[in-house]
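Shown below, as structure tokens, is a lone chain in the form predicted on its own; questions about how it binds or moves come after it.
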């Protein structure tokens, strides 16, 4: 198992270095000048470019950036002069992570449970209702669901706060629901399909012939085998939950990283763009690493192969 994890860890580090390289050169291809301001004299703009090392050849900038990156230095913001990119992550990511983790727990717990219920009551009214809701959740993006939910339950009925992410559970309800509904719907349909797929397998028939109760068959055999394909999407779900919070953070006025990420692109804040892209990329890579490890835990045959 340790050798299996070691291989995956090395591949993850290589992927992160490749991502850092691609991000650096792609950002440099963005047209425009971060110091282009008609109110500033050209000599001031040149001094700014010199101060941040942007007047050096591109290969020198790359080696300096990678050297700083290996030391854990993601650079200093050009727009917010003097503020480190790491400071932005420390200050604003806790809000994004609270929202993201809560949404992921909500979507996975509810989605898997709904999928299991659908498979056990196939072609029954509860199955049709849950599948219809799942299809609706996939079809409607969060930018559509968010305003409707916010207006209905926040403005019209006044049941829930319309903005912020404080200490009360009511402030989590609408943002978490809007962020998790898409993932929840996909998990419901996926778990239903995989559960129905394993019910016809020989080992399920053998378990039933042994006299195991329906609960034991479902819990010990059907769910454990049906959930393996669902783990595949866990890595992308983790990344999607965190990176997909941009719209929700703006809609519900939540001070997260999403606002600064979008602002950094429009302001051509190179260090902030690269730093946050690399940070979100690291989350995706870490998510996929956890998926690989979970695969090895759930199915030992994967470790051997």
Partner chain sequence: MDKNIAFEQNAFDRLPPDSFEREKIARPPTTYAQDVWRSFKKRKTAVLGGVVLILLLIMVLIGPYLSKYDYITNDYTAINKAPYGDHWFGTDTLGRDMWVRVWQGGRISLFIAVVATIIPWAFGMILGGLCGYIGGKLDMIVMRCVDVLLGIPSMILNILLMVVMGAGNIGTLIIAFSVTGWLGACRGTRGLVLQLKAREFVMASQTLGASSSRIILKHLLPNTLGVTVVSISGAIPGAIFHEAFLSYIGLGVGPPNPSWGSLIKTASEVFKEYPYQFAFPCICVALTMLSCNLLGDGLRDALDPRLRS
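Keep in mind that what you see is a predicted model, and the values were worked out from it rather than measured. Superpose the two forms; the largest set of C-alphas matching within 1.5 Å is the rigid core. Numbering follows the first chain given and starts at 1.
Omitted from view is the form predicted in complex with its partner chain, to which the following refers.
Just one of 129, 143, 109, 86 comes within 4.5 Å of its partner chain in the predicted complex, counting any heavy atom, and that one is 143. Heavy atoms of no residue among 62, 93 and 291 are located within 4.5 Å of its partner chain in the predicted complex. The closest heavy atom approach of residue 157 to its partner chain in the predicted complex falls outside 4.5 Å. Proximity of residue 138 to its partner chain in the predicted complex: non-hydrogen atoms within 4.5 Å are present. For residue 151, a non-hydrogen atom is located within 4.5 Å of its partner chain in the predicted complex, even though that partner is not displayed. A residue is said to contact a partner when one of its heavy atoms sits within 4.5 Å of a partner heavy atom; residue 189 meets this definition for its partner chain in the predicted complex.
Contact residues in stretch 246-266 (any heavy atom within 4.5 Å of its partner chain, taken in the predicted complex) are 246, 247, 251, 261, 262, 265. Relative to the superposed core, residue 268 undergoes a Cα shift of 2 Å or more between this form and the one not shown. Panel note: the distance between the CA atoms of residue 268 and residue 66 is larger in the predicted complex than in this form, the difference being 3 Å or more.
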